[in-house]
Ligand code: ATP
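Only one chain comes next, encoded as structure tokens, the form predicted on its own.
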Amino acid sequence: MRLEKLALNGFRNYEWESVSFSGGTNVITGRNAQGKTNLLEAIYFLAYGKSFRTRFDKELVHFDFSSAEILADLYSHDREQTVGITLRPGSAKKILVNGVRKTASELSETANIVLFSPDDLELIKDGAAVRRRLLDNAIGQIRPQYQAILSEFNRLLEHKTRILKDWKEKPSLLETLDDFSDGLCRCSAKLIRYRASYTLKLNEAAAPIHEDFSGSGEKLGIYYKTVSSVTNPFASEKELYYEICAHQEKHRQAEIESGQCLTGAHKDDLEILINGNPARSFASQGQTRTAALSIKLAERELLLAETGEYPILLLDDVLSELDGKRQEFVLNRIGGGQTLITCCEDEGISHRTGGCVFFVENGRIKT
């Protein structure tokens, strides 16, 4: 899988720019605040239909433009493919794949992308929401139906949360509470099976990568945590549903009193251990970076195993904080697929990988 050509029109600080990429390593260099990360953000959009930096599409449109366009030629699934995305503030985004209208969740059927950015260090140290987002993005790329279940879950969760917050002013709302609770339990059972299965594979793939990457044979462990009443997250959907319902019934009154939804897959988390100790509490800065990057490299390997193609790998300013040995490890691991690496200076990366170099300055790309 590779991105062959990208054109941007009114996207972030790019007025109109077009660039062709190598199928191997592409080094994107330039001073800070010139548009390097904006370029990766546009490429990320090709697989996810959203930004990794903002929830609001209107922030992606250039100040002097009424809309933004991302146009791409890709080679994936043994064929040439085209993707066109139009962002117009106040309107729904328009996505075309080979001229056919698509939804954002359907983009993963055309392009698969793994991103590692400085924000991904939060995978280790931040709250559970960051790790759930990792699961949702990763699973959604290989199981499109997962996104539909997640969307339905989030819809039900929003409605139930509103009921729990507003029922005192309008007591009749409680009459619908149990229906939304039941829907959440059913969706949670489906999500839990997907997440547990993916976490097991992620742990198996990330552990050996991390052991080599750390240089000291450190042991990385990634374990799935869900509703406390669930005894086996790999059980049948029916069994999970009954166990989640039991938890729901036990906490129903507490939910009403607290105004919070206490049962469901929105409470899930990943427990990440290094040498048996919780990484969130005990990992050093170096261990945090090594563990997070190992998880992302494992995500890439799982996509390869699932699709038969390496996903496009985006590395946003990740090598600057690594010592020479760890830089070499990363550069040696990214062979076989297309990679785009941003950095402030080339730092010899292109010579070490045989890759192409692109210089970005004020929204213009030069080779």
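Residue numbers here begin at 1 and follow the sequence given. Predicted model only: the values in this text are computed from it and were never measured.
What follows is about the form predicted in complex with the named molecule, which we do not show.
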Between the named molecule and R12, G35 and D317, in the predicted complex, does every residue show a non-hydrogen atom at 4.5 Å or closer? yes
Per-stretch contact check against the named molecule in the predicted complex, the hit in 60-68, 325-333, 42-50, 303-311 (non-hydrogen atom, 4.5 angstroms): 60-68
According to a 4.5 angstroms non-hydrogen atom cut-off, is V19 in contact with the named molecule in the predicted complex? no
So in the predicted complex, does C344 come within 4.5 Å of the named molecule, heavy atom to heavy atom? yes
Using a 4.5 Å cut-off on heavy atoms, which residues of 169-193 contact the named molecule in the predicted complex? none
